[in-house]
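A lone chain, given as structure tokens: the form predicted alone.
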Amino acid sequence: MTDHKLPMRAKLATSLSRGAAALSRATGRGDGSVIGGRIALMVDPNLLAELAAGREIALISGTNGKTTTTRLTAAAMGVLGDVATNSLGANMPTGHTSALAKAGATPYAVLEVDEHYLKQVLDATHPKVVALLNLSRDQLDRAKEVAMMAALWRDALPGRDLHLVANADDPMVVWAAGKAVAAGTSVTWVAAGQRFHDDSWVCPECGASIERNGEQWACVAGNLSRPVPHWTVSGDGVVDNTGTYHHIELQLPGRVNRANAATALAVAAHFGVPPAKAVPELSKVASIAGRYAVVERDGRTIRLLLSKNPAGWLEAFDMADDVPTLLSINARDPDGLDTSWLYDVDFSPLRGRRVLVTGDRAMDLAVRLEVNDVPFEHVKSFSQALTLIPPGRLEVIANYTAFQDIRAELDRVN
């Protein structure tokens, strides 16, 4: 919906959103993607629905990879025209409202959605496509257990006029989508992979065990099993639903990002974007709000990797090169206050390289590394780590607020 078609109250709320966001950026308080939406929704609680009306929208949700997949999808969709998106990761309704208000009138929108808010955002935005990436444990001290989260998705999706793009390799996602698919919702299955299996050994439908044989998985007692994927990752590229192979030269590291690219291409294809036209756009994405950014500082080449939960840390180890590595852990409110999840992570891939630890909860991490027989050095800060590492490469893996602290020291690199 264009601004001139908005009701007067929505116009006022939109103007206030833009103003508050601009003031936040100007004063260095943040990018404004939350405060703008918060103020706007106080003025007009229905603003998200008003701003979403008239746009063709894709929603991207899951535990890991949301921000990256959203950025890749927006890049692919840009072939068609202007795309509104919450590219910096503000993935709750305040962030969505702010992103749509800032973008103005656009024919398309691609929105990252926190998995807990999916139903609320579905109700407000009436998307054309919803991508379901994965579900695994994350901040269990304050968030829902994985099977409960899958059940919420399962109940939220049926009865809507939308298309699903879903991960065929995650049993929780397949089950969450299953009720809608059984009721007639169309679906594109993507073989996006699942490295962390500890949340999907038990069938969420009947409680029996799930057995795996290579890429295949199935409940031993019921009907839940891996669907045949329409899109797959193959080598350095993607095979689409017609069987056509597309070579992808991503700047982003790791197989997981090739899988994110496959999901992005599958979503864009449902809007009519030919994969051959979208692929070159994906190669232009170099970093996302600091994720995967490479920075030169004092003779060191530093790469930043964000990992917030066990599944994310396993993927980070797959991406990280065998060079000195700094690990940083905080336990502030956005991170979750409980660090016991560190014991769900196998740190053994770090053996043999120089490891440094820092952050508010560095000692928790140090004990975990001791248990995993990974030698380490404790440093008080990122800047101290730089003085101890000789010129050359440094990998940095950090959870959310620790990542933001280090990113701030690097001038909030994007």
Partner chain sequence: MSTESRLRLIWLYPDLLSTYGDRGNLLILARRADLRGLPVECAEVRADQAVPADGDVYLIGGGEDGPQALAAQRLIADGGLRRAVDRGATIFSVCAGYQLLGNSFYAKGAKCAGLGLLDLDSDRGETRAVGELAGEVDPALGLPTLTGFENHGGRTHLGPGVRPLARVTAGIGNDGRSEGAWHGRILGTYSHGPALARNPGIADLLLRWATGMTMEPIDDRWPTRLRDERLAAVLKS
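Residue numbers count along the first chain shown, from 1. Being a predicted model, the structure only gives us computed values, none of them experimental.
Keep in mind that the form predicted together with the partner chain is not shown, yet the notes after this line are about it.
**Student:** Counting any heavy atom within 4.5 Å as contact, can you tell me which stretch out of 75-83, 337-345, 292-300, 224-232 lines the partner chain in the predicted complex?
**Tutor:** The contacting stretch here is 337-345.
**Student:** Taking 4.5 angstroms as the cut-off for heavy atoms, does A53 touch the partner chain in the predicted complex?
**Tutor:** No, no contact at 4.5 Å.
**Student:** So in the predicted complex, is the partner chain close enough to S209 to count as touching (4.5 Å, heavy atoms)?
**Tutor:** Yes, contact at 4.5 Å.
**Student:** With the cut-off set at 4.5 Å between non-hydrogen atoms, does R137 touch the partner chain in the predicted complex?
**Tutor:** Heavy-atom contact with the partner chain at 4.5 Å: present for R137.
**Student:** So, E145 and the partner chain: in the predicted complex, are they within 4.5 Å at any heavy atom pair?
**Tutor:** Within the cut-off, so yes.
**Student:** Could you check which residue among A218, V279, V202, L122 gets a heavy atom within 4.5 Å of the partner chain in the predicted complex?
**Tutor:** Checking each option against the partner chain in the predicted complex, the one that comes within 4.5 Å is V202.
**Student:** What residues of 273-308, in sequence order, lie within 4.5 Å of the partner chain in the predicted complex by heavy atom?
**Tutor:** Residues within 4.5 Å: none in this stretch.
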